[in-house]
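Shown below, as structure tokens, is a lone chain in the form predicted alone; questions about how it binds or moves come after it.
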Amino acid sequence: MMEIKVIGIGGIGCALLPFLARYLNYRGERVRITLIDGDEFQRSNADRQAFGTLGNKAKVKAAELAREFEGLSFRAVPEYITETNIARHLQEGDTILLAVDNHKTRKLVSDYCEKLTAMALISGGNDFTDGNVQIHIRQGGRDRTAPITRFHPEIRDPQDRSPAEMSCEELMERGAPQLLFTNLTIASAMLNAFYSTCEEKLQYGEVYLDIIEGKSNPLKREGEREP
């Protein structure tokens, strides 16, 4: 069974999940999608996040998707990814779609993925009108594309904190404004990378996007060279 882990069910996660599920459902493959997020949906985010009810984002969205796509298996993990639970949630062979809004969690996931023999990590993030998607592929214990920390010092040496380290008050106040259209653009680019990876046709390791300038700039980001 193909295992897909989606970490972060916010603006980007909400945008990509229905289309990912629809694509996989009609391919007829055995797939389990695990949604991981410790956050609760707030109506103040309804301008860019789609939830039918209040509650934990992973639980609510997993239930919604399960009702619509009966051919797939969905599992909700109502937790933030931390150093103490990451080994329980991410395993060898996983495809990981990382859609969080902090560098601390990105580094944690990236560092852990570097220890796995085989996995695919697709990480997306954005500011208000621009953003990027990074793809780290490991096969046979070798990097086929670069880890997401290699070309991004802000991820390699994060200056922020993960949501698991914040108080309820801090969680309510955190985060810069985001735009639905940019979330959709990043989600689409993540799905493009997912498809290309599954078809073994991926030709880049990162792509920068800007919705105002209409830019989509792919970069190679090569991994280890063959001996």
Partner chain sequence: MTEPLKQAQRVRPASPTGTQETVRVIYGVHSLDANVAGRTVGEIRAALRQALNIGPQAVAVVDGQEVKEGFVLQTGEILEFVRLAGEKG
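Residue numbers count along the first chain shown, from 1. All figures in this text were calculated on a predicted structure; none of them were measured in a lab.
Below: the form predicted in complex with the partner chain, not depicted.
*Asks:* Using the partner position in the predicted bound form, report whether G125 sits within 4.5 Å of the partner chain, counting heavy atoms only.
*Replies:* Flag for G125 set to yes.
*Asks:* Is there any non-hydrogen atom of T185 lying within 4.5 Å of the partner chain in the predicted bound form?
*Replies:* It does not: once the partner chain is placed as it appears in the predicted bound form, T185 has no heavy atom within 4.5 Å of it.
*Asks:* Examine R48 and determine whether its closest non-hydrogen atom to the partner chain in the predicted bound form is within 4.5 angstroms.
*Replies:* Yes, R48 is a contact residue.
*Asks:* Verify the contact flag for Q178: yes if a non-hydrogen atom of it lies within 4.5 Å of a non-hydrogen atom of the partner chain in the predicted bound form, no if not.
*Replies:* Answer yes; at least one heavy atom of Q178 falls within 4.5 Å of the partner chain in the predicted bound form.
*Asks:* Give me the residue from D94, E79, E114, D101 that has a heavy atom within 4.5 Å of the partner chain in the predicted bound form.
*Replies:* Comparing distances to the partner chain in the predicted bound form, the residue within 4.5 Å is D101.
*Asks:* Does the partner chain come within 4.5 Å of a heavy atom in each of P153, Y208 and K215 in the predicted bound form?
*Replies:* Yes, because P153, Y208 and K215 each have a heavy atom that approaches the partner chain to within 4.5 Å in the predicted bound form.
*Asks:* Looking at 128 to 136, 85 to 93, 69 to 77, 114 to 122, which one sits within 4.5 Å of the partner chain in the predicted bound form if you count heavy atoms only?
*Replies:* After filtering at 4.5 Å, what remains is 128 to 136.
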